[in-house]
Ligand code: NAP
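Only one chain comes next, encoded as structure tokens, the form predicted alone.
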Amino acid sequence: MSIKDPRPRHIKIPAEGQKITVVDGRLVVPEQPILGYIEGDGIGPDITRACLRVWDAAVAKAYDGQRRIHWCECFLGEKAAGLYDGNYCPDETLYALKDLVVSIKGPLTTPVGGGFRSLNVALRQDLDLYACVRPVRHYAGVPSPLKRPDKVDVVLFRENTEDVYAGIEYKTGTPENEKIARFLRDEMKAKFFDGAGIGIKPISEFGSKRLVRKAIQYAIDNGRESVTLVHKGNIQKFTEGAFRNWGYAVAREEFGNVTLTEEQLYGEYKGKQPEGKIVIKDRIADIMFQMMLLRPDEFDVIATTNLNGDYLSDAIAAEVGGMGIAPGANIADHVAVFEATHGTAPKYANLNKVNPGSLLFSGVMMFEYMGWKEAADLITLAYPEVIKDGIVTYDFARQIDGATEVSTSQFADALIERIEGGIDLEAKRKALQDKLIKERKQREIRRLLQPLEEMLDTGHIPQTVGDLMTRTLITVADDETVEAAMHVMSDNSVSSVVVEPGSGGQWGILTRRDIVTKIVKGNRSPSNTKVGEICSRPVFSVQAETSIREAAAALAEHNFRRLTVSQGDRVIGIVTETDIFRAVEKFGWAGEVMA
């Protein structure tokens, strides 16, 4: 949507300060930036007032007064309706949020009645905020149902514009529904019950790739260890499965110098992660829910589709204290709107009672996005100290023995007192870094000592031939002697080698069986026979994204024992009957689904 500059009515851009700009694809943040904020509805004004004070205190302390935020109030929701003749989402605000680049908002209500879009959905669509970013980590002292909540530290990137949230639905009994149903049954031979509501689930290459691209870049910029693609591709092959494949393609084509797959980690590096490399993994959605309870420290950055991300982000938040302290943001290529992720809780409005944590830590995200890490760290390091002192709002007070219940504003006072009292940032950062290095080393040792068990225990299940194939190709030249090729096989303990293209430009395979049947049985000399004379050519090749079942069908149809694996026109590996047999032996098989 193109948002035009409307006539100014109620938003007043501060005379002091400068706007954030984007130059050569990167944010340029001045020392005194103008940031937008929206109070929100219900409890929004209470938590926003408290957080503004904490954010300002952190900036003043971190930069000794050299930096300062100039806040620009913008209007959405009920406050906007009162100012803009009933318009809950005025164009003036949309333009301001885009113009200011970075902003933050409290929770918003959607008015009751037909014809109103969710304000959050409207923001995402009108500003193309395609990435919902939700960091989830535990803060010491915060009540949690887990025995080891400190192991949870992930950043989830949820695609914001597609999937079932695209809103393409047809109500049962309507002419539109009947038309779609008739087409699906008659033309596409689909089978489903009469009277079914019908929804369309679009997932595109464009939408998937830009989301995964942002997740990988985040991992690079923040020293993260891995990016996990979460999907239901074992069932929904052409939507969720495509998301997975497009994600791997982005990693390979755009970040190939800094990424490697989990198969490469185990196969080529024996579980030892190379310095400066990010591992790209993928997990089936239902398994990922289990893993975030059983082995949460195995995961770092998560990239997933819209519905999966909705479920997963809320579930993980529940592990570390709930939605009351879960931060979030909706981000386009550069424009970012940070937000409280909970609702408006109208029964607590104006009572100065609720936990400001969700909005508070969304502000921390905002500082990190701006590159103001010192201010962000002051808040994240001071917060656990206040909790440890037992100073908490009502929601935590009822779960912590001996806690002192305070109001929203009093909690902000306690946090500001801690911030202004001084925190040894370097010492605490070093302690956190030492802990991170120790945990990564422990995971690496487990991978080195018991690779298969680690793959199974962390939910890794092969889906495609790319997951099974041997990536280190052992090749021989077309004009090499068979005798020399036999030595290569023996030295590498393999039963076949890939033959490089000859004059005809075709790849081939030379196997032990070829040598037995064409050399020994044929009474030919291996020292005088060229590889190109007896190898099998052309080879049958499949793309790395080919499912294991489809590869098995190809082997059976062509009566082959092995296939080369291609990426585009380039051969990158080989997969054999034995590889598939071992996968079934290790991981099991149930019809279409490895589970």
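The first residue of the sequence shown is number 1, and the count goes up from there. Small disclaimer: the values here were computed from a predicted structure and weren't measured.
As for the form predicted in complex with the named molecule, it is not shown, yet the points below apply to it.
- Screening 352-360, 125-133, 435-443, 213-221 for residues having heavy atoms within 4.5 Å of the named molecule in the predicted complex returns a single hit, 352-360.
- A single residue from the set Thr380, Ser144, Thr344, Gln264 has any heavy atom within 4.5 angstroms of the named molecule in the predicted complex; that residue is Thr344.
- This chain is displayed alone, yet in the predicted complex one of Thr109, Ser407, Ser496, Asn234 has a heavy atom within 4.5 Å of the named molecule; that residue is Thr109.
- No residue in the set Lys209, Val250 and Asp467 has a non-hydrogen atom no more than 4.5 Å from the named molecule in the predicted complex.
- Although the partner is absent here, Asn120 sits close enough that one of its heavy atoms falls within 4.5 Å of the named molecule in the predicted complex.
- Within 4.5 Å of any heavy atom of the named molecule in the predicted complex lies no heavy atom of Tyr369.
- Heavy atoms of Phe183 never reach within 4.5 Å of the named molecule in the predicted complex, leaving it off the interface.
- Within 4.5 Å of some heavy atom of the named molecule in the predicted complex lies at least one heavy atom of Arg398.
- Residue Tyr394 is the only member of 366-394 with a non-hydrogen atom no more than 4.5 angstroms from the named molecule in the predicted complex.
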